[in-house]
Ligand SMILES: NC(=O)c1ccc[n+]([C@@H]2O[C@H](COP(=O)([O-])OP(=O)(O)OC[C@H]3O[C@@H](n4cnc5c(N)ncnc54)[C@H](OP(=O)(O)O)[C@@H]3O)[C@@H](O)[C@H]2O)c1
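Next up is one chain by itself, shown in structure tokens, the form predicted on its own.
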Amino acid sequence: MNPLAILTGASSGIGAAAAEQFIDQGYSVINISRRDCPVPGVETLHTDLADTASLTGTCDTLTARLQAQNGAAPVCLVHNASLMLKDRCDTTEDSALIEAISVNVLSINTLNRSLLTAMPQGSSVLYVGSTLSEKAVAGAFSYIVSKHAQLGMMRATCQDLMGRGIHTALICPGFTDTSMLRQHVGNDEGVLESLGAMNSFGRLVSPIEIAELILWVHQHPVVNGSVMHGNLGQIEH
């Protein structure tokens, strides 16, 4: 039986690039998102991560599949999907913060609670965080709050799963050339260029670079509990 990769938000960007990496390595791949994954061979379970009923139905489907496998193959669960709003600490409505946390934090908890008991040794739970999991900038309040929460979730996951043979890590991309980043900056090429200049190589990180890191982390349990930076050597201010 092929190993299984389950990725949230694999309809574009880093998620789609990671799905392609897993497909190339002979994995069965499931995408959890509202939109289809463009990579041939990837199955999409259409899911609104902010909708409890939608996510519960997906979790029921995945749990049944994992139970049917009966531990025959390892699973890589990649929490990649994110919602990034333009907001500030002094203006953000509770409803907006709840929306961001629902996608970026609570959906992760729901998936972990539902799937971890059926994931065998050799599996991994990988969180795709951000440079903003450990620092902050202005104008992305709810995203930063939720990404800091993911760091705590990863570390707690590591401790709670001790002895289970399941490892975890937080992959923190720098400024990566994705549709989410482009939308956040209004597709302003000047801004994108300035963001790319904020690292040693003077360019944006490519989704495939982060995808390769995700696959590597899954294959190397020695990094259990680690924060893995993928930012080309970001310049500190």
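These numbers were taken from a predicted model, which means no experiment stands behind them. Start at 1 and count along the sequence shown; that's the residue number.
What comes next is about the form predicted in complex with the named molecule, which does not appear here.
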(message) Residue-level contact is defined here as any heavy atom of the residue lying within 4.5 Å of the named molecule in the model of the complex; does residue 50 satisfy this criterion?
(response) yes
(message) Can you tell me whether residue 181 touches the named molecule? I mean in the model of the complex, with a 4.5 angstroms heavy atom cut-off.
(response) yes
(request) Mark residue 82 yes when one of its heavy atoms lies within 4.5 Å of a heavy atom of the named molecule in the model of the complex, and no otherwise. (result) yes
(message) Against the named molecule in the model of the complex, would residue 143 count as a contact residue? Criterion: heavy atoms within 4.5 Å.
(response) yes
(request) Name the stretch, out of 109-117, 154-162, 122-130, 68-76, where some heavy atom lies within 4.5 Å of the named molecule in the model of the complex. (result) 122-130
(message) By the heavy atom within 4.5 Å rule, which residue out of 25, 226, 12, 219 makes contact with the named molecule in the model of the complex?
(response) 12
(request) Pull the contact list for 143-177: residues with a heavy atom within 4.5 Å of the named molecule in the model of the complex, in sequence order. (result) 143, 147, 173, 174, 175, 176
